[in-house]
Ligand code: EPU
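Below you'll find only one chain, the form predicted alone, shown as structure tokens.
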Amino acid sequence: MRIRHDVDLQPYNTFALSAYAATLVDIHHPADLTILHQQSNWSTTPRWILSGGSNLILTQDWSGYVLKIANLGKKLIYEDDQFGYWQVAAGENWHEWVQFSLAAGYSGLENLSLIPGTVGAAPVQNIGAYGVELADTFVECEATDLATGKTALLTRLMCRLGYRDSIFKQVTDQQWVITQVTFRLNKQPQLNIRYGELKTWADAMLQIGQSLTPLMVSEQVCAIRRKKLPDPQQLPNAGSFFKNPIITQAQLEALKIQWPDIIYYPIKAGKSVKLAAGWLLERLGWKGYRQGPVGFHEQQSLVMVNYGGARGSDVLALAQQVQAHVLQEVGIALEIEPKIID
């Protein structure tokens, strides 16, 4: 465990927003959380969890604890004819873990390549991309309740994984921090290549007789993401800023009258659909829009970027304008995807 005071968090969030933490604690082992829980001021001091900082909007300085999860390690704990079960520490870099799993001969995570952040943050958001969600390979996680200091093993069902949602984002009596995640990965490739540009690429490859591998899918996902999404190192951002809204089939039919070419994705239940929020923002004129130090990327209307010197208040002000405009024009309430720290 490492404890620092009065630390600027700008280097620790991909939106490069400056905000000071009174106390920043690097957690190198789950036992560190138990030690912290024994501090006399623990129950009265506000706190939040910092992982990769890729899904975060800081709006002001923080007077309490910021806990940066930094434990490392990954191991194969069991395998059968079909699957390998891996335990991975929460502090591991997500993309590096995906690449490790592919190099080890397992598939299931290739569509989630190049997503920023850590392994421990992945279940919180139930990260997803190109037709795959974390929930597809998630088995369970080990987590510590910061309110009691006790550790528990939470199954997939207990984690309530949904679209960009989980128990870790919902209001409960517990304040869980994930310390380890268990995955079930395929020993034989089970490729999911049905989504958008990935499907177009796959169809072209198959037409020329080229068989596909998980590593090839991963490389193509990386190429698509690099083409569509700005590198936070070059242009600070938090990825997709709004969730794709879920609406009823009746709402969709009404919108089709105005926009026959509207982009949407059917949901398994069949009674609702998920709209492409990026397409919606582009149609309403937000693509490339800039307001002072913040704006929407010129190539990707769903990504808000920091052109330099932006503060959290600048980000929220623009987000609220967009939400009001979409609600007025379309009758849909867009939900901000990154976590707002205020």
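No experiment lies behind these values; they were computed from the predicted model shown. Counting begins at 1, following the sequence as shown.
Here the subject shifts to the form predicted together with the ligand, a form of this protein not shown in this document.
(message) Please tell me which of W97, W201, F242, W176 lies within 4.5 Å of the ligand in the predicted bound form, judged by heavy atoms.
(response) Going through each option in turn, the one that passes is F242.
(message) Please identify the residue among L302, L58, V315, I69 with any heavy atom within 4.5 Å of the ligand in the predicted bound form.
(response) Of the candidates L302, L58, V315, I69, L302 is the one lying within 4.5 Å of the ligand in the predicted bound form.
(message) Does any part of F138 reach within 4.5 Å of the ligand in the predicted bound form? Heavy atoms only, please.
(response) Looking in the predicted bound form, residue contacts with the ligand do not include F138, since no heavy atom lies within 4.5 Å.
(request) Look up in the predicted bound form whether K228 has a non-hydrogen atom within 4.5 angstroms of the ligand, and give yes or no. (result) K228: yes, in contact with the ligand in the predicted bound form.
(message) in the predicted bound form, does L284 come within 4.5 Å of the ligand, counting heavy atoms only?
(response) So L284 does not count as contacting the ligand.
(request) Considering only heavy atoms, tell me if R156 and the ligand come within 4.5 Å of each other in the predicted bound form. (result) R156: no contact with the ligand in the predicted bound form.
(request) Given that the partner is absent here, state which listed stretch (83 to 91, 250 to 258, 233 to 241, 138 to 146) has heavy atoms within 4.5 Å of the ligand in the predicted bound form. (result) Stretch 233 to 241 is the one.
(request) Can you tell me which bits of 271 to 291 touch the ligand in the predicted bound form, meaning any heavy atom within 4.5 Å? (result) A276, G278, W279, E282, K287, in sequence order.
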